[in-house]
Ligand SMILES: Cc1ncc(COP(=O)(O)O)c(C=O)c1O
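Heads up, the chain below is alone and in the form predicted on its own; it's given as structure tokens.
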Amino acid sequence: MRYAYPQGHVLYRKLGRIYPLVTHGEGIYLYDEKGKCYIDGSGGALVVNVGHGQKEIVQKMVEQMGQVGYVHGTQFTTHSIEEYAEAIGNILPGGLEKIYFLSGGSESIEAAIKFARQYFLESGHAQRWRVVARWHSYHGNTLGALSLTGRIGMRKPYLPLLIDFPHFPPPYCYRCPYNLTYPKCELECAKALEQLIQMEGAETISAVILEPIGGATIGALVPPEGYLNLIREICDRFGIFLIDDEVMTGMGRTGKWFATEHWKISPDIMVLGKGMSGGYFPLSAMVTRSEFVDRLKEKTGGFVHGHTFSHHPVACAVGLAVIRFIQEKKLIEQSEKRGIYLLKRLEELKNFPFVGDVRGKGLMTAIEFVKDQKTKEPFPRTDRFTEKVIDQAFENGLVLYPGTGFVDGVNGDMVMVGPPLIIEESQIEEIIDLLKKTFSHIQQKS
């Protein structure tokens, strides 16, 4: 059978693609109905952190379904919800204690925006409602989250529907927006936040949101030392919340439970998703400080927000199984160790003339492609270079995650490599071999 539009009733995300039918997964591998094996080199969208087909996680999910599959978040709690919250609470950065469970990253970003707004409203600062974000960021696809997202191509069709939130440049050292070099730049990209706040009026701003390591819209962008510390200091000085979007970076992906731990930063609100459930069940969370929640309880009596599938007992049972799996298998330590090895091996790919930069932390890495290594000139978007790499790698049995448009809103090509945290060095070798095979094929055809 051919799985593609217009056959059948599925509205596929890409209407020009033929979809292989996956029958099962084992560890870092996926298998389709024809028996072809794929290495899941990106964990889907950097979601699969514990690997496919882990029976103990499936068993915990089934057990909870057998006990109670659903209760409404305003009416009941369950052992799975309370136990999972306790487990997450034990690993959170200092000061973060209260966890609001939801179904996906966009939902939790919306919750963070609303929580910040309600807190300042009930603190006598009704004018504080705007949230500052960065260009070339990704915070989700619901309208509030998309208003924060800095990816031009995703925003453009919906601009009339979006909130006009202010944005500032990311710490993109490979292509510094100020044509400076670290550390002589003195973190001009962070100082840009202060300038923006002063121009927009600090009294109108409730929060600043950022990904501690830039995700799929700019490719594993690791900030220079001191950057996040300065962002935190600026937020404190103006009395603005710092929202830490750890949807992609959290739950061990970067070699720590949470990416901000690399710089010893504690945010006011943290957003989690993806790796919380390893992809086994929709799950995300908005996390904040007790004193902020206390303010809501004193004034309104609760958080004016909710979703049908928030505080889901089955989702929390899966999340608890995942966190225990990570702890038992020591996957945080493994992510750090394997990440160092992966990044070292990816550096070899700079021998190909179209590989401009290799970057990342832990098992969250990216390869940026350029037309010219010396000038860093990007390929024109009409070349669809990323798509060529993705398609050829897929043909070779390697799944990667694409990103485009981050240089100027149109041009810019990269792929992310972010395999499950269970990966072994020998399997990293398999990925490197398939990347070299893919790049060699593209080089020969160009």
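The numbering used is simple: start at 1 and walk along the sequence shown. All figures in this text were calculated on a predicted structure; none of them were measured in a lab.
Beyond what is shown, the protein has a form predicted together with this ligand; the following relates to that form.
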property	result
Contact test, all of 262, 336 and 363, partner this ligand in the predicted complex, heavy atom 4.5 Å	no
Interface membership of residue 104, this ligand in the predicted complex, 4.5 Å heavy atom rule	yes
Partner contact for residue 211 in the predicted complex: this ligand, 4.5 angstroms, heavy atom	yes
Contact test in the predicted complex: residue 139 vs this ligand, heavy atoms, 4.5 Å	yes
Heavy atom of residue 243 within 4.5 Å of this ligand in the predicted complex	no
Location of this ligand contact in the predicted complex, chosen stretch of 119-127, 262-270, 139-147, 368-376 [non-hydrogen atom, 4.5 Å]	139-147
Contact residue in the predicted complex, chosen from 247, 316, 322, 112 - any heavy atom within 4.5 Å of this ligand	247
